[in-house]
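Starting off, we have a lone chain in the form predicted on its own, written out as structure tokens.
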Amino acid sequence: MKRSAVRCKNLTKKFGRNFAVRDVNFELREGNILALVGPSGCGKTTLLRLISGFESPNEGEIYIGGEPVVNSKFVPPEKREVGIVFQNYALFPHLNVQENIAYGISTKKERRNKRVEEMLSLIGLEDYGSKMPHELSGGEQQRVALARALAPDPEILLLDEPFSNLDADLRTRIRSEVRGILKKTDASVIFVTHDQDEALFMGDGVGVMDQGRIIQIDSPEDIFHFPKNPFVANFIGTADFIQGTINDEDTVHTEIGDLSYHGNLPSNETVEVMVRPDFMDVEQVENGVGKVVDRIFRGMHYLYKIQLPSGATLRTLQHHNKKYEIGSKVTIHLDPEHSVVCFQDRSH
């Protein structure tokens, strides 16, 4: 098993009476990327500042590379072996690319120059060493900031919304390049983003935060398919909820039929059933259980809103050749091999 890169134990930070980070516990193994995602103000950036040493916690412990940096003592930021890439990259405008990358390397000049060459090769900017930051594109600046953070070979790399200043097309391309660089160097990374798609793409694990707590950490696939609660379900992907009742078997009875479900809730319990737009198919029939109340064209797909007899609505993605008029009656089918996730009914 790979050794621990960073471990937080019962970590809590308050500003006045407000909790910014509350009783956070997690461990990141060496060479893995943890993507932290959550709404603005949920504590993501404060958690990074606690790990880096820019903030001191009210309670809890932090270990980096297995060594304590916060418990009975407080290790200052410059001694924590932590690399950081900020939203604005924070390149030194008066230093060229080579000098920016070399800034944090404390070895002899020969070794420092060799390391800078290695980093320039790694990020694909071998011929850019003498250029100034203002001569680079946003994507190139981003890669230089990453190289500067990786150059001292830190125990842990913290990335705080590093792609937020890039336009959508460049952002998609650069995040793929950056993930490749991080994996090539076997870096241990905590990556903060507000973008759920980015979190699913970048992370070996994804952690969802809310009100200072980490609600769930799981693989991208598991956190999408098996969210711990409705908040996670809504934040990772798109989810709708309909009421159901647990049957004796591994099924739940709903107004769209009996569905296979994942969980161990007791029989006859009233539950909320999570349904995602890509889980279902619809077909227009005269006596269908649902009625089309909205339709949005998205190029390859239509996004339909279907109203059920109870008044609940479900969203569904259908191929662009399936065009149903508003007011059409439709049946709803879920893949029988797909298990839905059920939560205890919040209205009870």
Partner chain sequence: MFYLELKRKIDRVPLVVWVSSILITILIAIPLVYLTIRTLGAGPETWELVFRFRTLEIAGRTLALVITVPLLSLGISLPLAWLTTRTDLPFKRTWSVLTALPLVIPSYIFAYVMIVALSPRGMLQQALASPFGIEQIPSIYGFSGALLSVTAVSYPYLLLPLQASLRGIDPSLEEASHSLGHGTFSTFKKVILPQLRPAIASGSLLIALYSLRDFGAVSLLRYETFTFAIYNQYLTPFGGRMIAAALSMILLFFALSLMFAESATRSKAKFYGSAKGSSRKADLVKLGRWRWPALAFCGTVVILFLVLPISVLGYWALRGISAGETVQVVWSSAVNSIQVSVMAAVIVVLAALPIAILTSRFSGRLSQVVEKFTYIGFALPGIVISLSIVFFAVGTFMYQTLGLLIFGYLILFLPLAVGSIRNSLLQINPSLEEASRSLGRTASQTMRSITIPLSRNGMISGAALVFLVTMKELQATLILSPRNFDTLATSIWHATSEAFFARAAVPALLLILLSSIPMMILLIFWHMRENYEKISSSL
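Just so you know, these numbers come straight off a predicted model, no measurement behind them. Residue numbers count along the first chain shown, from 1.
In what follows, reference is made to the form predicted in complex with its partner chain, a form of this protein that is not presented.
Colleague: Since the chain is shown here on its own, which stretch among 309-317, 59-67, 22-30, 46-54 would lie within 4.5 Å of its partner chain in the predicted bound form, judged by heavy atoms?
Modeller: Comparing against its partner chain in the predicted bound form, the contact stretch is 46-54.
Colleague: Run the contact test on P76, F92 and G104 with a 4.5 Å heavy atom cut-off to its partner chain in the predicted bound form and return yes or no.
Modeller: Checking in the predicted bound form: P76, F92 and G104 are all within 4.5 Å of its partner chain.
Colleague: May I ask you to check whether T185 falls inside a 4.5 Å heavy atom distance of its partner chain in the predicted bound form?
Modeller: Residue-level check for T185: no, no contact with its partner chain.
Colleague: At 4.5 Å between heavy atoms, is Q141 in contact with its partner chain in the predicted bound form?
Modeller: It does: once its partner chain is placed as it appears in the predicted bound form, Q141 has a heavy atom within 4.5 Å of it.
Colleague: With a 4.5 Å heavy atom cut-off, would you call T172 a contact of its partner chain in the predicted bound form?
Modeller: Answer no; every heavy atom of T172 is more than 4.5 Å from its partner chain in the predicted bound form.
Colleague: Using a 4.5 angstroms cut-off on non-hydrogen atoms, would V208 count as touching its partner chain in the predicted bound form?
Modeller: V208: no, not in contact with its partner chain in the predicted bound form.
Colleague: Just give me the single entry in L122, I246, L166, I84 that has a non-hydrogen atom within 4.5 angstroms of its partner chain in the predicted bound form.
Modeller: The option sitting close enough to the partner is I84.
Colleague: Name the residue from A239, I242, L136, I217 that puts a heavy atom within 4.5 Å of its partner chain in the predicted bound form.
Modeller: Here the answer is residue option L136.
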